[in-house]
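Single chain ahead, written as structure tokens, the form predicted on its own.
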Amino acid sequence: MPGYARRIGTMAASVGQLQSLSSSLVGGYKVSFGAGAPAVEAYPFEKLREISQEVFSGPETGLDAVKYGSTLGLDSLREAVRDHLLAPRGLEADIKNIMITAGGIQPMNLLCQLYIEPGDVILVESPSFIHGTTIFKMFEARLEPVKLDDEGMDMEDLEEKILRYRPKLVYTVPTFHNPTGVTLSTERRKRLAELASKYDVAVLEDDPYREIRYSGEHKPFIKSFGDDHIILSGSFSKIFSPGSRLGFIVASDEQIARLSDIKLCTDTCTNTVSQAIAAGFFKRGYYEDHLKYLCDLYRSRRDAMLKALDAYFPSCTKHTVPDGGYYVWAEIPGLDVKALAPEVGEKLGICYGIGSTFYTEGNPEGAGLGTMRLNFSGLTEDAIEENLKKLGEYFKAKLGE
């Protein structure tokens, strides 16, 4: 057999960690705090059935949904992105600058194909979204971490790293960050756009959780402060359905043209059946009520998690208090939660996101040792309290508390 491409070895360790994390979505754990999927109650089955029947009610509408589509995506869905996801949050865009993608992950792959050569530097938050960093490693990029605090990416550290490494790309999840749940402040969003223009570096603003806000005020898009250096990506996975595999990119005329060429050679077009159903969901006016339902559902679960962490976890525990999204980031100093994970799974039937897997090379040895990403979207309030109590008592026993 011929040898595999070098990139397979480059990404091997990250893929292993990603597979371990993804297994919590479909694995045999009784209770998973490691998953990142919507609640079963969040799927609008009746409305999807109704829209599907309409889409396939006649040969004309049915044909549009099953034939090859535009590489840029259906106009109706691009218009929905413009009118329902961008304009209400203060970003004006023409549909010619919007491309529908195969999920929110594909934009990272397409942008790497457009910009990244082996050895190019990408700056990422510390910690960072593991699926994104794995893709970057697949393209043989060199990753350098940037400090993260309660207001998001540290701009002083970012500028210092830009000057030191001359990166090709900065990657950020600015709103309800994955994995920590923190949100980049408005001041830092503006500063990031300024730095991108000043130093001629591209920024991927990955914003899949933006709409899922439970408290506080919506922040402006980074792209609203910047020029063509800022490329925005989003996803329908959290607000519609992850199985639809729909996302989008907002970029300049030239960038969209080149990204469209790359996508054409990658998969021709995004699933037109999913696009047609999603477009119908927005066209019928279902989205706003559905979003309110999601936020009410998840707000209650977030609050249950925060209450349980404070009540049952070791007294030394620190955790974030996210205004939205799916995750709380917890730290228990003095514990190696990665080493304890197999025993927790075996004895308690519980899994969680191991925090250290979200740290890339370039971080200090042992970074994230006592940290974990805890998902609250997929469990009821009672299940969250019951199982965090078990987990907290287990950790307390390990600390002798």
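Residue indices: 1-based, along the sequence shown. None of these values were measured; they are calculated from a predicted model.
What comes next is about the form predicted together with another copy of the chain, which does not appear here.
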property	result
Contact of residue 52 with another copy of the chain in the predicted complex (heavy atom, 4.5 Å)	yes
4.5 Å heavy atom contact, residue 333 and another copy of the chain in the predicted complex	no
Touches another copy of the chain in the predicted complex: residue 282 (any heavy atom, 4.5 Å)	no
Distance check, residue 66 to another copy of the chain in the predicted complex, heavy atom within 4.5 Å	yes
Another copy of the chain in the predicted complex reached by all of 161, 220 and 328, non-hydrogen atom within 4.5 Å	no
One stretch from 81-89, 67-75, 289-297, 306-314 that, in the predicted complex, holds residues within 4.5 Å of another copy of the chain by heavy atom	67-75
Of 250, 123, 212, 135, the one that lies within 4.5 Å of another copy of the chain in the predicted complex (heavy atoms)	135
Partner-contacting position among 166, 190, 258, 147 - heavy atom within 4.5 Å of another copy of the chain in the predicted complex	258
Residues from 265-294 in contact with another copy of the chain (non-hydrogen atom within 4.5 Å) in the predicted complex	265, 266, 267, 268, 269, 270, 271, 272, 273, 274, 277
